[in-house]
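First comes one chain, alone, set out as structure tokens in the form predicted alone.
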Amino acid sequence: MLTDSFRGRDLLTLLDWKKEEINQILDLALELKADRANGRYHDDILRAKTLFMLFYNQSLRTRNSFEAGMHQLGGHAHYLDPSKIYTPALEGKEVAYSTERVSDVARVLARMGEAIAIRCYGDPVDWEYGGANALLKEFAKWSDKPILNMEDDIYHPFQGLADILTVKEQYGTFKGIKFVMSWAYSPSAHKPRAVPQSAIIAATMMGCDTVLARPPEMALDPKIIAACRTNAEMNGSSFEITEDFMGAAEGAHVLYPKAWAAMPIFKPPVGEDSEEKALEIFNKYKDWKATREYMELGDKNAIYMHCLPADRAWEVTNEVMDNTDPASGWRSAIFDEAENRLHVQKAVMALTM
């Protein structure tokens, strides 16, 4: 079931991994999921091993899926609140007797456990785009144990894995599957870009016909757009960007409307550090919302996806979120998607730790 070729690998972004390796992760995740459903937990795989989890941001699904996954594989997850320890900080951003340099924290924890998982974005790095990603890279530089990205300000690789596992379960293939990642309205402008960016990376990497639908002010990272175009070219699939919310939904198999930040929310030089301007932009697109009419534009067996938590009544109606009946044609797959966080994370931990 397991191979040593993954041992010790970091997972900071799916762009560092090959398509064949992602397929191996998905296959193992499906195997572990089936085994769990039949009461087999493989609690010998990570017996007596430790995962340290640093959460600079709050969490429901991420924290509990990692903790449950470690328990089911026989190990233990330590939850670390950076504000309750000497907060790990990059050189030049230290505060005496309050922080501890990342290089020191990484080497200490690596001596005591088998992996370090980190979530950091937004306020802890003052909305400096790429600041949290730099923090994770610094951990990876100094730790000789795997660093697992539980979401930074650029990437959310485990969400991307859960997304494509859900697609694979639903359709059995990625070829010919129209995957639409779309912006949706929220009254909160403080939304990182990590989820949509990782979703389109994963979808194009696996060969879905991927569409990014967003208002002009909600453009994503040009480096990631370039990587998605390369992925699509390698797979003989397509990658399209459109500003037509409803038009993008036509014939789609996967509909994934979610809010993310407009550029003004970020600090210069990337943005303008203006929440007021960001909200003005958001308020122009209040009709970008997942409704029954929107879902009915898709394939007759389309699925609605969202990383959660969703802003009900703004991003999506209750009718769409709560329609989980497979007999109804299109349906919400959000709880399958949420559960799949557990299985892909177990697979990655088993392979890397």
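All figures in this text were calculated on a predicted structure; none of them were measured in a lab. Just count from 1 along the sequence shown to find any residue number.
Keep in mind the form predicted together with a small molecule is missing from the figure; the text below concerns it.
- Three-residue candidate spot R36, N38 and K346; no residue lies within 4.5 angstroms of the small molecule in the predicted complex by any non-hydrogen atom.
- In plain terms, the part of the chain that comes close to the small molecule in the predicted complex, with a heavy atom within 4.5 Å, is 52-60 out of 313-321, 23-31, 52-60, 289-297.
- For the options K191, R119, H253, K145, the residue carrying a heavy atom within 4.5 angstroms of the small molecule in the predicted complex is R119.
- With the partner omitted here, the residue from N133, Q72, Q159, N231 that has a non-hydrogen atom within 4.5 angstroms of the small molecule in the predicted complex is Q159.
- Mapping the unseen interface onto this chain, C307 counts among the residues with a heavy atom inside 4.5 Å of the small molecule in the predicted complex.
- The shortest heavy atom separation between E151 and the small molecule in the predicted complex is within 4.5 Å.
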